[in-house]
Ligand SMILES: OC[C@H]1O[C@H](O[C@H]2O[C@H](CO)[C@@H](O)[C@H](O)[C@H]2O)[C@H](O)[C@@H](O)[C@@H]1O
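Just the one chain here, laid out as structure tokens, in the form predicted alone.
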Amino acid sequence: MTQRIDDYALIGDLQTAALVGRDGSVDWLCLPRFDSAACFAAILGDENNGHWRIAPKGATTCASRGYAEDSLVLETYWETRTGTVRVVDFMPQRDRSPDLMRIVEGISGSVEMSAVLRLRFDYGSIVPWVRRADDHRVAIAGPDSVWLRSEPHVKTWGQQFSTCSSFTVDAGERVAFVLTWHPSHEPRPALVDPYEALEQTLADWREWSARCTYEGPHRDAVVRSLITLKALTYAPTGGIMAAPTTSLPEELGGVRNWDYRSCWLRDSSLTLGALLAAGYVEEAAAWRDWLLRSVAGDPADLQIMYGPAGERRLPETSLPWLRGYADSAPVRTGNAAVDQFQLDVYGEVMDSLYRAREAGIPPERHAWNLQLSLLGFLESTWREPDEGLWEVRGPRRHFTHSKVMAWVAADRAVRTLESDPSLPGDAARWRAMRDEIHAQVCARAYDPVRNTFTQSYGSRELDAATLLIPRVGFLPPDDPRVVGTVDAVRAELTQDGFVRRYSVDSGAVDGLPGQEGTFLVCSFWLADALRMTGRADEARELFDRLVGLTSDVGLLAEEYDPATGRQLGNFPQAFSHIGLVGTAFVLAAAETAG
């Protein structure tokens, strides 16, 4: 692929999302849901795996682009020798069927446009049968059916198993293309007026963005991050996807390629905090409700991730017909980490529900009984090793962050009972559990010679997740062990000032070959920790640098490679944008407090 990962922009309808490149090509789209099979998968292979390009004839890349106002409506400008055009890409919030709309508008002069639509169902592996029907092009294969129409009508023809068109747009003229998916056994859905849909979509996003309460530095970046989190929300359930993509690599040409089209419990507490801080209580409540539905059941069966509607079966497989972005194979769907044992998720669930209660979100009647069940299971298992926050595929260990989050679970239970003594529970027992975990972590996870907490008991490796120790309240920010840990992470885990999760040099920790970039959310955690330990200027400087890494349309992937200046990993990444919002509020609150 010639497009960098951060050359893509995101559009979506709160149930799925598409990536649009600077060359005018939609190279990724799953229909009808985020986790459905892709009908455009060129980003993980080539154009023969499905894409939809609209651009001036002979042009290679746009002149400029950006989102209209505070919305998810993408405007791409093309300047040619004969004139200028704007292409407006968006997906209106659906009534029933998903629509991808692309409106070409003449700005000046006269521009000859070219369009190529290659639909390839099942991640680029199935060529559909295409026919004409009432000025539409209809593509069908198995359960999938896609209709393409234009307003006004534009002549199309078939060529090399694709649908092509050529048309001229003069200043003031508009041509709209509408691509609609529906199950092939159902009748064609009702037609939607693309121009009315555009106005409604802009109005919907304006209304939503206006609810943001943040007024501090880099407000545009914070609002864009919140819009991205909203775009990654599966509206029917309130679940928030980690990313809309699969297998965008953490190392170009490497094997660290994972499917992130699921909802992770590890993100729950930080997500809830970001939404509540920005004034989005309704979204926070929906996320809380998704969390309660998903984790309901035997606490021994608690998973680290679920599908957008709470699905549990997420089997991992590979797609050998896709060569991968920049030849980074294998391309995977599903995620085997779903079967891992990770202690920290119990703490994240408990902290999320505690935050929701403290924020005044009315508690569900059954929520506390569910928490009691989770605590009972954790009480008998917290001493066990696990795979940890980073889902390592090496041996289980006693990861420091996992134990700290087990402490969080007990601590939040105690705090909840202290604030509402009418609830059932044994606060004394949980205090004892909390104290035992705390003592064990301080004794076995702390290296007194280097004055730092380590990644796991008895190890020398460091872990960026230990930066969260003061944030969750395990130790106060001014504790010398906290300050020492921050200094050690800066000394050993940073590259050009940005933070890696842990050392992957030997592969001993995660069981995988190769390298990865610096982890953006960890770099935001470092900025938080610097501010909490009294180094406000350094925190602001790092935050400014991180905001500067956002793409031209304000998006962040999972990782960043300082050596090449490229974003890496699935894109855009919810965790990175959660980190940006969280750090912005930390710094703004500190400035307000003086």
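Bear in mind that the values here come from a model prediction, so they are computed numbers and not experimental data. Numbering starts at 1 and follows the sequence shown.
The following text describes the form predicted together with the named molecule, which does not appear among the structures shown.
Counting only non-hydrogen atoms, which stretch in 448-456, 390-398, 355-363, 176-184 is within 4.5 Å of the named molecule in the predicted bound form? Flagged stretch: 390-398.
Contacting member of W430, W147, W205, W264, with respect to the named molecule in the predicted bound form [4.5 Å, heavy atom]: It is W264.
Only one of F90, Y325, Y502, F524 gets a heavy atom within 4.5 Å of the named molecule in the predicted bound form. Which one? Going through each option in turn, the one that passes is Y502.
Going by a heavy atom distance of 4.5 Å, is T16 a contact of the named molecule in the predicted bound form? So T16 does not count as contacting the named molecule.
Close approach of N335 to the named molecule in the predicted bound form, 4.5 Å, heavy atom: N335: contacts the named molecule in the predicted bound form.
Find out whether any non-hydrogen atom of L423 is located within 4.5 angstroms of the named molecule in the predicted bound form, and reply yes or no. Contact check for L423: no, nothing within 4.5 Å of the named molecule in the predicted bound form.
Verify the contact flag for E558: yes if a non-hydrogen atom of it lies within 4.5 Å of a non-hydrogen atom of the named molecule in the predicted bound form, no if not. It does: once the named molecule is placed as it appears in the predicted bound form, E558 has a heavy atom within 4.5 Å of it.
Of 152-166, which residues get within 4.5 Å of the named molecule in the predicted bound form if you count heavy atoms? Going through 152-166 in order - heavy atoms within 4.5 Å of the named molecule in the predicted bound form - there are no hits.
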